[in-house]
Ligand SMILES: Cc1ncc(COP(=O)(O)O)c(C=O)c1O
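Next up: just one chain, as structure tokens, the form predicted on its own.
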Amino acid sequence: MFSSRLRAGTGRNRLALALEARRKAGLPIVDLTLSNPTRAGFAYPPALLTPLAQKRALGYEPAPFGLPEARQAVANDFARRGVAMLPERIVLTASTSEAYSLLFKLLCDPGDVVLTPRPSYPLVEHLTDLDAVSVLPYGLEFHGAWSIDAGGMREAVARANAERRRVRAIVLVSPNNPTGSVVKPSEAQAVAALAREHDLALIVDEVFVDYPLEKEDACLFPAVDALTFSLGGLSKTVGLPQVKLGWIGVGGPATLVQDAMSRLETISDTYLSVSTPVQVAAADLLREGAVIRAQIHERVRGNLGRLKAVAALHPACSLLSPEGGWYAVAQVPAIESEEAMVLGLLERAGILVHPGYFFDFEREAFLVISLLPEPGIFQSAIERLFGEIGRS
């Protein structure tokens, strides 16, 4: 009766069950998986959402790509980061997830293939399922620093071609979640060359671009000579995941951009999913929300420093230093499975972390730690976390 695009449910995993039991028992939990900035103790300006109540928001002005002034506001935000993006090349969406879905509809027929990084956040795989698209992973490797396995990417394209499966796009996430890795200019050029060679598009997820960790300049994907779609949104840029606005910036050869925009107009006009109030408020939210972005940036950098200091006291563990975003990955002794380890941390210390297998790490043992929690809570939790690992 139901679509095969929806995977059969496998039930909740042991960690989810243990977490539910602990909550029901009223036991304390320190959440080091925190991803919601609105629950991280930041000081949001009281009037931040007031622009959503403007009188103009009561009217309905359908526009497939979004209202002109909202697209201009997003273009201005690209310019803030040093990127020239014409408002005519911006498509507004209700979320980054929707942006992916629109692009899969634009680029892929059912059964076509997109290349995705591994390890990475599993969202893209769920979205490809819903659009009847397949994924082939390419590796991110850590050898003192993260890098793209370019050879593996080429092999994935060749394998798909040998199997008569059509590859249509390469997904790049920069900074990546959870590795915090950033696509380097040389990697970008190599990937663009592969895209040109095989007539592929680049989908570049830059939602964490405003949070560089190792240097001051924004870690933006550079302009390349391939059809490129840059994704962003209010959720990360100004810490407002509940105010649903995302965007696609389209770049590359003019003819390809023109063709893509023409087709995207048809798709976007079918959905018209972005609400008028958030479009009317977009410029104000992007401007006034900068105070939230600054707090998040200060928080994650400070917590990364705390994490490095504590990890250095435990030589059996190593921190796979991130370059951007708000997560960090610690490699710990594989004396037990990741599942057993995170269950033990939750049951003994009340500390919740993600195991590496949630993000498709190819081997164990890795723990993924959010850098968003309040500093005092974070410091105490990571000291206990590494102490527990040291006693295991």
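This one's a predicted model, so the numbers in the text were calculated from it and none came from an experiment. Start at 1 with the first residue shown and count on from there.
The same protein also has a form predicted together with the ligand, omitted here; what follows describes it.
*Asks:* Going by heavy atom distances of 4.5 angstroms or less, which of 321, 235, 72, 276 would be at the interface with the ligand in the predicted bound form?
*Replies:* The option sitting close enough to the partner is 235.
*Asks:* Would you mind picking the one in 134, 147, 97, 295 that has a heavy atom within 4.5 Å of the ligand in the predicted bound form?
*Replies:* Flagged contact: 97.
*Asks:* Using a 4.5 Å heavy atom cut-off, indicate which stretch of 157 to 165, 180 to 188, 74 to 82, 205 to 213 touches the ligand in the predicted bound form.
*Replies:* Heavy-atom contact with the partner occurs in 205 to 213.
*Asks:* Can you tell me whether residue 104 touches the ligand? I mean in the predicted bound form, with a 4.5 angstroms heavy atom cut-off.
*Replies:* No, no contact at 4.5 Å.
*Asks:* Determine whether any heavy atom of residue 173 comes within 4.5 Å of a heavy atom of the ligand in the predicted bound form, and answer yes or no.
*Replies:* Within the cut-off, so yes.
*Asks:* Please determine whether residue 121 contacts the ligand in the predicted bound form, using a 4.5 Å cut-off between heavy atoms.
*Replies:* Flag for residue 121 set to yes.
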